[in-house]
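Here we start with a single chain on its own, the form predicted on its own, put down as structure tokens.
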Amino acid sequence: MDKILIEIRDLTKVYKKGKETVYALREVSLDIIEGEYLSIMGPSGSGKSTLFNMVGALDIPSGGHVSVAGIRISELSSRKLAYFRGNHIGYVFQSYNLIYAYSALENVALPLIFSGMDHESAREQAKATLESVGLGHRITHRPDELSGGQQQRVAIARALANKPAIILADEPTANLDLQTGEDIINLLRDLCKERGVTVISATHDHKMLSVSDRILWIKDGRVDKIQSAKEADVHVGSIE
């Protein structure tokens, strides 16, 4: 039987703009299965990014809760929340967010060192992780010496370095060309299957839908529908 990793219950987020009340999320409830690849789709302003940030413990709900492995993350102290983010969630951003003065190896090793690992062990683990995403031959290169796709692979390696249970990918192909974006999508999918990592991606890229286990469509802060790729009739054309 599938194991539920993330429980979202009646999740609500409200913002105040003067006298106006704006609902970014309205009582969203959802179970996310351990090891699945979930894509979150929706137009700008739909609540897609807000939901993504709630799951990633980057924002606090106005109502309802998110539980990960039975832990309500909004009830954690700031110290425990920082530990949770650093050890259970890996983040991949569309702008890569790499430190340009550091090599690929140093970028991946840094969060390991912050988590308490000694420098030598951190570098060894960072090297092995970079090799797993196909960048073993580029570990000494700085981001400005790498292509966009290679930089995103470094970002994925950094997200994987602490062996998290969850990868959150925010528009991971937005700054990439068609072929490179396809490579990154397949890499995330392979990592999901090989490592049993739960991948949650907020995206506008329809290429990502065909590799998803499920697609969550958000509209006006609510769950509009949840579909498998087959149900959504997603087809990705071949790339010459």
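Take the two forms, superpose them, and find the largest set of C-alpha atoms that agree within 1.5 Å; that set is the rigid core. All values derive from a computational prediction rather than experimental measurement. Residues carry their position along the shown sequence, with the first being 1.
The same protein also exists as the form predicted together with a small molecule; that form is not shown, yet it is the one meant from here on.
Visitor: With heavy atoms only and a cut-off of 4.5 Å, decide whether Pro172 touches the small molecule in the predicted bound form.
Guide: Taking the distances in the predicted bound form, the answer for Pro172 is no, it never comes within 4.5 Å of the small molecule.
Visitor: Would Leu216 show up as a contact with the small molecule in the predicted bound form if we use heavy atoms at 4.5 Å?
Guide: Taking the distances in the predicted bound form, the answer for Leu216 is no, it never comes within 4.5 Å of the small molecule.
Visitor: Ile226 near the small molecule in the predicted bound form, any heavy atom under 4.5 Å?
Guide: Contact check for Ile226: no, nothing within 4.5 Å of the small molecule in the predicted bound form.
Visitor: Since only the chain is shown here, I'm wondering whether Thr180 would be in contact with the small molecule in the predicted bound form (any heavy atom pair within 4.5 Å).
Guide: No - in the predicted bound form, heavy atoms of Thr180 and the small molecule never come within 4.5 Å of each other.
Visitor: Sort through Thr198, Ser201, Ser212, Thr50 and report the residue having a heavy atom within 4.5 Å of the small molecule in the predicted bound form.
Guide: By the 4.5 Å heavy-atom cutoff, the listed residue in contact is Thr50.
Visitor: Quick check for you: of 65 to 73, 42 to 50, 182 to 190, 26 to 34, which stretch puts a non-hydrogen atom within 4.5 Å of the small molecule in the predicted bound form?
Guide: Of the options, only 42 to 50 has residues within 4.5 Å of the partner.
Visitor: Can we say the CA of Ile226 moves by at least 2 Å between this form and the one not shown when the core is superposed?
Guide: No, because once the rigid core is superposed, the C-alpha of Ile226 moves less than 2 Å between this form and the one not shown.
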